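For reference, the chain that follows is the form predicted alone, supplied as structure tokens.
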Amino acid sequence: MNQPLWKFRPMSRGEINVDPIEGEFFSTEVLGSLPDAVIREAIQNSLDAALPGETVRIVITFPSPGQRLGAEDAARYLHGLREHLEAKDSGLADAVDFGRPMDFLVIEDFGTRGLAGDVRDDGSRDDAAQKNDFYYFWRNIGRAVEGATTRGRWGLGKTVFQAASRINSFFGLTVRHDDTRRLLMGQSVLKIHRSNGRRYAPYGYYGRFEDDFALPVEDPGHIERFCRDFSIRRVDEPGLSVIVPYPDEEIEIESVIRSVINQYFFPILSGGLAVTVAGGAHEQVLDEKTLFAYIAGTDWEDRRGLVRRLEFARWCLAQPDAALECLREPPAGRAPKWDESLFEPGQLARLRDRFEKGERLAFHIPLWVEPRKQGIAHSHFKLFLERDAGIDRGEDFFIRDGITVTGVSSQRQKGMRVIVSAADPPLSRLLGDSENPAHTEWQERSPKFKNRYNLGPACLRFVKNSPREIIRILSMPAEGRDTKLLRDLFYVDLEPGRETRADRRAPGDVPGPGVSGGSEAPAAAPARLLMSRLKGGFRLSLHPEAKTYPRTIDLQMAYDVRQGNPFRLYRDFDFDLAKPPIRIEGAHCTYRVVQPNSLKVTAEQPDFQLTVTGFDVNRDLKIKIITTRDKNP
């Protein structure tokens, strides 16, 4: 049997010189970062290959220094490759020191079908290759199965694996669900280059060969050693393991974890995906049960906002169809547009009232699509929105079949968060056809989308603009005078106890430090206290004209919100009075933190003072005061 090796095909006389360009579709300008690209494409491919009813499990392994492959062992897997890598016109950005241990990255999926199909298919029988995963993974770039409804479209996703390697090469080991065969191959993509006086094609393979035709390695002994050398976890479970030798140094554990969470939080929270990131003896599981605890334990500056986003996503996933507000389908044959005609009689007024109260809303939005030369297909997408005073800009997330399309955004409404989820096949197919190769944008002029649908661009804009338009419609005031329109722009801070009639009607509407009344306040208003605003906090003391002073004072604090009761909407991540940066100082009084946002103060003398600072200076603070057991000064 032929020993496995790397081999590039010598080019023929007169053959046109064309260097590969697929790497340009995954430039950092398009993707944001290389880890984002690797995670996006790797998990997308795995979700596409999921077995029915199975949770897709991804394991990403960063070997410890002791697990790296020694130079002598590494040379076994570079046989036939080094002379091509070292060719001066190979296209590699930087030389690799092959005398040092080989670092590598392993990405494995489980709960998937592996690379099924005829391994000898060479493309001469395209009709038979329609469902040949092995053929399309190893022998096609830029070509995908026609009419595919899966997440990928361009057949370019796997090229990120070689882009992630400093030697532009990777290995793939698959165990197939249908016939349990274990198959090992490798691929290297260089520029057209010369070695030993011959000109070679840019694509090389690792495997066994019949002339220049590469076939996978199936020798059990070789595969078992390969698995040991590269710390592969797969034994005989179906799926695919990708090994990236000499990975780019930009790919680190934390950047990978961030990419997983940012791009795939929706399928993780739905229970359809679990990702394990392992580094040496430590490994972190990211699934529906561990995701929140992991984020809460990090020192990420944006962890509070991230947790609020995931809490909202979890709420979205928990909404049954019966709880969704169903809109009317736009008239067929005309460009769909957003206006009040999409709402049933009485529905809009009810939704505006809920929106005004700050309630979360969930919508089922019908939309027809019409592929050219086919009939109209009725489809839909879902939209969820919430208010969050903790975000200083609008957030919207467009998710197609579990993938967050990170480059699409439409709404800029401060304090609004929106998730748009499209998974129904006809609409998902239209959106997928409009995606760029990196799956980061929806483009009307995409060659796979242009002229493929009747009124396709209008349907695409209807979905892309849905967050902005539905907020616009819900924000339009009912006929008559809106008494609250400018309340966040013009207001007056009041001393405790000096409330207006409007305050009594709508406690909690006045931003800034102050006292809330209403049903939750005692009958005796704390007019004897003086509240002074400080940067990032307040000072509480006895009013100079007070005749008595309260013995005990209960204080409750929360950041103000645009709608709703700020005290009920308080979250542990807003602040904790017992933890920095909050700082509490008392003079002639004692205090005790009874809740993360509540204090009990005992005044010992009339000239007591309590100072609390460390709050977010960019947010208004609401303070509720309850006093008891007054004493004469």
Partner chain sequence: MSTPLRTLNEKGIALYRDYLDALRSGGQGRPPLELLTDPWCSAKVPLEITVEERAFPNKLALGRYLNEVLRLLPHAQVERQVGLWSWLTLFYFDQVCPVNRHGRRAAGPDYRYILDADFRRFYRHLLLGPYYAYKLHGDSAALLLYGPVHQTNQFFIELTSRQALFANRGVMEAATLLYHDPKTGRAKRGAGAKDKPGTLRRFIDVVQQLDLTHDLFSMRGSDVVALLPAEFDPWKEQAKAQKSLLRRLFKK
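This one's a predicted model, so the numbers in the text were calculated from it and none came from an experiment. Just so we're on the same page, rigid core means the largest C-alpha set that superposes within 1.5 Å between forms. Numbering follows the first chain given and starts at 1.
The protein also exists as the form predicted together with its partner chain; that form is not presented, and the subsequent description refers to it.
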| item | value |
| --- | --- |
| Heavy atom contact within 4.5 Å of its partner chain in the predicted complex, the stretch among 552 to 560, 226 to 234, 333 to 341, 423 to 431 | 552 to 560 |
| Its partner chain contact at D36 in the predicted complex, heavy atom, 4.5 Å | no |
| Non-hydrogen atom contact S12 with its partner chain in the predicted complex at 4.5 angstroms | no |
| is_contact(F573, its partner chain) in the predicted complex, heavy atom dist at most 4.5 Å | yes |
| Sequence-ordered residues of 603 to 622 touching its partner chain in the predicted complex, heavy atom within 4.5 Å | D616, N618, R619, D620 |
| After fitting the core, S46 CA displacement of 2 Å or more between the shown form and the other one | no |
| Core-aligned C-alpha movement of R68 between the shown form and the other one reaching 2 Å | no |
| R619 C-alpha relocation of at least 2 Å between the shown form and the other one, rigid core basis | yes |
| Shift in CA distance, N262 and L569, in the predicted complex relative to the form shown here, given it is 3 Å or more | closer |
